[in-house]
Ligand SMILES: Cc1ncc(COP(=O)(O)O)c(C=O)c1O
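We begin with a single chain expressed as structure tokens, specifically the form predicted alone.
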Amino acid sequence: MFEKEMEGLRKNGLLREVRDRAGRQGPSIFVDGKNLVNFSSNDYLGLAANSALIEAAAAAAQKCGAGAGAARLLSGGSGLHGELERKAASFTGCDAALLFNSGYHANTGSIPALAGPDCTIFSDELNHASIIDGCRLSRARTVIYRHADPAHLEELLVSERPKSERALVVTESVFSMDGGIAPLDRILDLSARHGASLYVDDAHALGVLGEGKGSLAHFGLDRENKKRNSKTSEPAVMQMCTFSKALGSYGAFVAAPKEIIDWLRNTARTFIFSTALPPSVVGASLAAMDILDSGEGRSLVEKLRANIEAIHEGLAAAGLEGFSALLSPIVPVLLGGVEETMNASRRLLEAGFYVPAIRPPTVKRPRLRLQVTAAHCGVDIGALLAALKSMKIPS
């Protein structure tokens, strides 16, 4: 049916294949019978194989069953679901939170519920596909501003904001393909001045920035946000976080003022019409949040930060400096073209490193996306840097 299209993907080096690992997620994984050092994981704090999460998942399944059996608004929720929402809200300093089955579900459900034909959305040009799809589903007028460019956002707010009754600014905090960090302090200021609500996708920031609390805490905006959201007449700030990355589990939540969460509970279609998260997943997420809110969690965040600094310093010393923010665990190394990127990934695989190539249409320019975690040791990072240097990959 799609023979011609598939042949085109093959010819252009864009055909994707699934390569499943054997065993647990971690700093090293087994793929195709080979033990590889893994630099392609969102498991930033190394919690995916943590014994406390595994035990909590098993205990929750024993208590509440394997599956939820229904949507939350029917009989699918358990006391564990409500407990996780309260814990997520408290940890991020928000009034309330609502669970979703994934970050993609959260964005494609929340953005259409928050925006509509009477709203203009201002979206960063490099926002994740789930945000793009959420904007499309909303039927709102969507205006794209240049990546992480507050000056351009301000121009558009001045010219386009008066055309709609409501406005919503949407941005990732840590961008998933480039690793850059959005200037949220300036974006929040502009949003407030122009009467726009702000929706922040914190998928790659929770457990990473702000001592683990995410991007708003990193910029000191969590306190400002609480003060602002206490005035119900003002536009709101919403923080979407996932459990599937630094927290090592699965699912997502949106944290916001109570009136916003009440609205999402009643209007977000991906929440209303989806079977609730399995109890085992919720149990693992509760255990992960307990760790993150403890001394152990703070130590893991500090270890991650040290590893991030080490890989940036090593890349710079090897003349391979990545262009992501220095606090980001996502470190892309840009290459000339698809074939060169695929060859580099293949050579790293042969050297014992798992670093899949990132190609169009995911990104415009092919790259190796290095992802560092707290579970990596200095030997892992040093060996990767040595392998990259020996391959003479240009920056």
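What you see is a predicted model, and the numbers here were worked out from it, not measured in a lab. Note that residue numbering follows the sequence shown and begins at 1.
Keep in mind that the form predicted in complex with this ligand is not shown, yet the notes after this line are about it.
Trainee: This ligand in the predicted bound form: within 4.5 Å of a heavy atom of each of Leu209, Lys213 and Thr373?
Mentor: So, no: the whole triplet misses this ligand.
Trainee: Considering this ligand in the predicted bound form, find the one stretch among 241-249, 311-319, 269-277, 292-300 with heavy atoms no farther than 4.5 Å from it.
Mentor: Result of the contact check: 241-249.
Trainee: Looking at Gly103, Pro257, Gly109, Gly283 here, can you tell me which has any non-hydrogen atom within 4.5 angstroms of this ligand in the predicted bound form?
Mentor: Answer to the contact question: Gly103.
Trainee: If you check Ser138, Thr92, Ser78, Ser130 against this ligand in the predicted bound form, which one has a heavy atom within 4.5 Å?
Mentor: Filtering the options by heavy-atom distance leaves Ser130.
Trainee: Contact with this ligand in the predicted bound form for Ala203, defined as at least one heavy atom pair within 4.5 Å: yes or no?
Mentor: It does: once this ligand is placed as it appears in the predicted bound form, Ala203 has a heavy atom within 4.5 Å of it.
Trainee: If we define contact as a non-hydrogen atom of the residue within 4.5 angstroms of the partner, is Asp178 a contact of this ligand in the predicted bound form?
Mentor: Result no; Asp178 lies far from this ligand in the predicted bound form.
Trainee: Asp124: heavy atom within 4.5 Å of this ligand in the predicted bound form?
Mentor: Looking in the predicted bound form, residue contacts with this ligand do not include Asp124, since no heavy atom lies within 4.5 Å.
Trainee: Though the partner is not shown here, which residues of 352-380 have a heavy atom within 4.5 Å of this ligand in the predicted bound form?
Mentor: Nothing in the stretch sits within 4.5 Å of the partner.
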